[in-house]
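Given next, in structure tokens, is a single chain: the form predicted on its own.
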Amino acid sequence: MRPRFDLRHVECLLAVAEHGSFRRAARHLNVAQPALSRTVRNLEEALGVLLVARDRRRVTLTPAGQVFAEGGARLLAEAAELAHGTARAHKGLLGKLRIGYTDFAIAGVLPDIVNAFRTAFPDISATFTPSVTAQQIEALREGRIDAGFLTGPLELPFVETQEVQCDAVVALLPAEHPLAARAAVSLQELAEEPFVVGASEHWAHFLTHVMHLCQVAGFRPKVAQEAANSEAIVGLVAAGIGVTLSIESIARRPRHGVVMRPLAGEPYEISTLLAWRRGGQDPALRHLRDVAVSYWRDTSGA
């Protein structure tokens, strides 16, 4: 049965129960006593039960009235909590975010940004999904994630971005490789080397950078093996399968059997971006963007 009463009815009955008098309850609620009496009577008619036992000395609740009062008190408390939570969500202090991230982001700034965000906004819950840049773009397009940490550059009409990380591209070599003794490696020296790269169907965005660098150096990399993620790529390099190009954030993580060497010449840098749908109004997302911007400014000097 759908109830035919509202929170005002509940509030009135609870006031009558607390004060034991329509007169005192009306004074407490700052309403006229006849109006209060009509409200309680309307509630009884809506429920089809007698809630209040009236006599000359005191007003008491019937057994049905006691049950209603107990439930009504919980209802008012839940309504107050609902209103409070709604106001906090409006301010971006409460909410949920779905966030995608790349290997590059989790190896770099993402943990620090998330820690700062959770400290500032502990009641915003976030779920994180590892996915490559192309997958995050589609997830943003379809509304399956609210934000993504992905590899730049990115210029799409439905997406806005903020740079949060900038890495130089470096060479990763097996520890026993002849070039491992060098302080830096030129790309031309890798022209005849077998390469380990990310699987082309998923790593297209980063591979565009790799192919561009190699093309400028005058060669096309000889791909010996593809792998699903950065950890697997580095593992295959350690196994001596080939060399690879990666970023500093990945290369800084210690891995036995692998050495990182900067590329000779002017550094080639790749950005990690925080991306979200253009025009997004979610205040929780706005707070995440603010934290990311603040972190970038503090760490980059921008």
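These figures come from a predicted structure and were not determined experimentally. Residue numbers run from 1 along the displayed sequence.
There is another form of this protein, the form predicted in complex with the DNA, and it is not shown here; the text below is about that form.
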Contact between residue 256 and the DNA in the model of the complex at 4.5 Å, heavy atoms?
no
Taking any heavy atom pair closer than or equal to 4.5 Å as contact, tell me whether residue 41 reaches the DNA in the model of the complex.
yes
Close approach of residue 263 to the DNA in the model of the complex, 4.5 Å, heavy atom:
no
In the model of the complex, residue 54 touching the DNA (heavy atom, 4.5 Å):
yes
Can you pick out, from 67, 31, 241, 47, the residue that has a heavy atom within 4.5 Å of the DNA in the model of the complex?
31
Contact at 9, 23 and 35 by the DNA in the model of the complex, all three, heavy atom at most 4.5 Å
yes
Can you pick the stretch from 230 to 238, 246 to 254, 273 to 281, 57 to 65 whose heavy atoms fall within 4.5 Å of the DNA in the model of the complex?
57 to 65
